[in-house]
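Coming up is one lone chain in structure tokens, specifically the form predicted alone.
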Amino acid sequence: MSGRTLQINERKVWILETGKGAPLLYFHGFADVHSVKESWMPFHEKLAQHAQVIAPAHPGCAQTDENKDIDIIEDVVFHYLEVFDALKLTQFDLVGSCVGGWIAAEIAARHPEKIRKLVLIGATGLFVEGALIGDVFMMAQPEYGSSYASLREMLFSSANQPNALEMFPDGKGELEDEVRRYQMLRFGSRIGFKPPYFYNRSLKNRLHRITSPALVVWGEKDAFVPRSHGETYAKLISGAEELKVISDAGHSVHVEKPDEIAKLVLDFLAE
């Protein structure tokens, strides 16, 4: 594992880096590096065969210090602008999954000149009438004191999917993984704990500002973010391809089908 700490405004930001090539920023979601796992997963390792993958942990996640000034998504955008400055990155590919996809879309809408190509995987962030994002905070409470089946059902194609059972086991898992899961939920609550959860009503009307080519990927069985959100992203981002729906996969499609999603992303970035 290759990680380092940036000092930004007297706060630590934990960064993982791997691979060589053009810079690719990766923003994580709930079932991911930094939010459950300490280090890279197969999807990220595939990307790193063709790019320099840089994955910062969100404020308060993993070894990144909590930022108590963060109350809304705009605060997260400014946090990451300072991260880009510290990394001396002026233009890069940006890939975001879940909440990380929301952050990526917000940055691309505000600063399109920074983004060479944009990839959104099961991104939250939009308000779509009649298609609300699920209540992950409720599902994160164990049923009958120990079962996380409902949370696995929300984040994966089924509660018994092998990756789901490994990352969100019933009872108590590895202590470090448990801490990271709690940290990610705490970060998510800062920007997304306002029913109907994880949205910025203004974002939809700003997507036209994104000028980079974009790829939007969704799991066919996503029970957290309805497919209509992916369709809306693909429709309103002018440079987006048609929505790519991955069969037999849930919200954490990059975890369930890492080879397929990595190939899809890398082919898009190489075009």
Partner chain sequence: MKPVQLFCWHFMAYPYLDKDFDEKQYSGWVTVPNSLWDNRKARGLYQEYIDQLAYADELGFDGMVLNEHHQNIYGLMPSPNLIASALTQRTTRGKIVILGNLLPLHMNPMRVAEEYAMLDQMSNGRLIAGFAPGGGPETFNYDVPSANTREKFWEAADLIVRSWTEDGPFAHEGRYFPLRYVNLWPKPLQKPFPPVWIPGSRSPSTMAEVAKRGYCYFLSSRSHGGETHRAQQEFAAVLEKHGDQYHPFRFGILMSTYVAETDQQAREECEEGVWYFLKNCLKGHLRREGRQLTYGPGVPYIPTAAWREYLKGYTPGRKLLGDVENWEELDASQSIIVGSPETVHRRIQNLIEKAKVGNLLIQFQLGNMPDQLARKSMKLFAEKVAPALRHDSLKQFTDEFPGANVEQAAEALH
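Numbering follows the first chain given and starts at 1. Predicted, not measured: the structure shown is a model, and the values here were computed from it.
What follows is about the form predicted in complex with its partner chain, which we do not show.
With the partner omitted here, the stretch from 89 to 97, 115 to 123, 102 to 110, 141 to 149 that lies within 4.5 Å of its partner chain by heavy atoms in the predicted complex is 141 to 149.
Residue in contact with its partner chain in the predicted complex (any heavy atom within 4.5 Å), chosen from Glu166, Glu82, Glu74, Glu176: Glu176.
Contact annotation: of the candidates Glu220, Asp69, Glu38, Glu242, the single residue with a non-hydrogen atom within 4.5 angstroms of its partner chain in the predicted complex is Asp69. Each of Leu185, Phe193 and Pro196 is positioned with at least one heavy atom within 4.5 Å of its partner chain in the predicted complex. Within 4.5 Å of some heavy atom of its partner chain in the predicted complex lies at least one heavy atom of Ser189. Its partner chain in the predicted complex is not approached by Phe78, whose heavy atoms all lie more than 4.5 angstroms from it. Among heavy atoms of Gly171, some come within 4.5 Å of its partner chain in the predicted complex.
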